[in-house]
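Shown here is one chain on its own, the form predicted alone, set out as structure tokens.
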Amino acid sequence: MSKQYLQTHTIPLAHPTDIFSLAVTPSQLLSASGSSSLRIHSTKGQIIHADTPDDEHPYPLVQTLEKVHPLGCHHICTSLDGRTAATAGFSGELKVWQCSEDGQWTAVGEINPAEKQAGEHWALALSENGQYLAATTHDGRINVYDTRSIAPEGTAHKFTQYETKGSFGMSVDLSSNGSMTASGHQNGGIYIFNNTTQRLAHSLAGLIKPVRSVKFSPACRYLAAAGDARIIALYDTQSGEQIANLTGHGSWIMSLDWNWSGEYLLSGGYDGKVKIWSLERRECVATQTESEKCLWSVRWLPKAASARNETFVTGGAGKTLAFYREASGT
């Protein structure tokens, strides 16, 4: 049985350049692009059948953080609790942000590498409560910082540093229970580290080309990895075994995201196609082809208790934020 998703809303020219990265909190969508500003849209107003003027703008822009990354921002991530965010810019800067009770973001500080060089901070991931921040490097390390120890001069306590075989770290993720860190690399290497022992748990085979996205499932049982091989590889995080190959993308896979229940996996491709995969059936159940331009980032919006249908959002070279909702039956 296939599923159907409808494009319900678009925000054209949400950024003046490519939208490189998206992150979500329970009530907001954060987006980063090749321009110097970060934009925050509210996702609270998801009433589809409302008769109010707000229905015209269901995702209003609520805050713009101006001129925070001079050369643009390539990665943005948020903690699961929605209170902490981190951004990495093309000039090598790594910034941490916090959200107040009223939904406004302010800077906590910046983490500067010992030697100022590009590629010391690339892909990012935050722990559930925002305390730990993992950042990959150009030579395959994963630095894990304690965000609560950021000093005014731009230093932070490095909780640990994981070493791999020296290939560019293109993607990283922290499991929701805090027990594991995963990284994907330019040479196709995928690693899972145990955060308790701070040792390598698994070196995963299967993808020989650059791995642009790694994502733990919500229950932390599976790791999905994808990239230039055009395949999504699924691994069992305990045994390290590859349990499935999801095929169907005709171009590089740029981004992955699990839905809240772990039943469905969202993927976005270089050719602008979005696919939704059923974990149970190990197959694609929906494909969206509205865009022909590269989708750098795709994300499910957290499901509100009152919302019956799930919504996801895409961003990429088209500079547009596009929202999709599952078509409901009766």
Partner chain sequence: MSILLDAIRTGQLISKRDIYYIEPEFFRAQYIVNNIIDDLACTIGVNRGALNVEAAGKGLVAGNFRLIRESQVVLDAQSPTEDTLIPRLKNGDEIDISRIRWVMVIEKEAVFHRLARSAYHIRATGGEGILVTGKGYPDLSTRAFLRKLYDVASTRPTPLRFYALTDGDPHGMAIMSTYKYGSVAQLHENARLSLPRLQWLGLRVSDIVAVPDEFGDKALCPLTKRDRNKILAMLQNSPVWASDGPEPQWRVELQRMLMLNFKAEIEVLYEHTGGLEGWIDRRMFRQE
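Residue numbers count along the first chain shown, from 1. This structure is a prediction, so every number in the text was calculated from the model and none was measured.
Another form, the form predicted in complex with the partner chain, is not on view; read the next lines as being about it.
Exactly one of the stretches 94-102, 238-246, 225-233, 190-198 approaches the partner chain in the predicted complex with heavy atoms within 4.5 Å, and it is 225-233. In summary, among the residues Cys220, Ala156, Leu80, Met170, the only one with a non-hydrogen atom within 4.5 Å of the partner chain in the predicted complex is Met170. Though the partner chain is absent from this view, in the predicted complex it lies within 4.5 Å of a heavy atom of just one residue from Gly109, Gly140, Gly72, Pro113, which is Gly72. Contact annotation for Trp122: at least one heavy atom lies within 4.5 Å of the partner chain in the predicted complex. For the chain shown alone, Tyr264 is not a contact residue for the partner chain in the predicted complex, no non-hydrogen atom being within 4.5 angstroms. For Lys209, a non-hydrogen atom is located within 4.5 Å of the partner chain in the predicted complex, even though that partner is not displayed.
Although the partner is absent from this view, Trp300 stays clear of the partner chain in the predicted complex, with no non-hydrogen atom inside 4.5 angstroms.
The candidate site formed by Asp18, Phe90 and Gln186 is fully in contact with the partner chain in the predicted complex, as each residue has a non-hydrogen atom within 4.5 angstroms of it. Residues from 247-277 that approach the partner chain in the predicted complex with a non-hydrogen atom closer than or equal to 4.5 Å are Gly250, Ser251, Trp252, Met254, Tyr270, in the order they occur in the chain.
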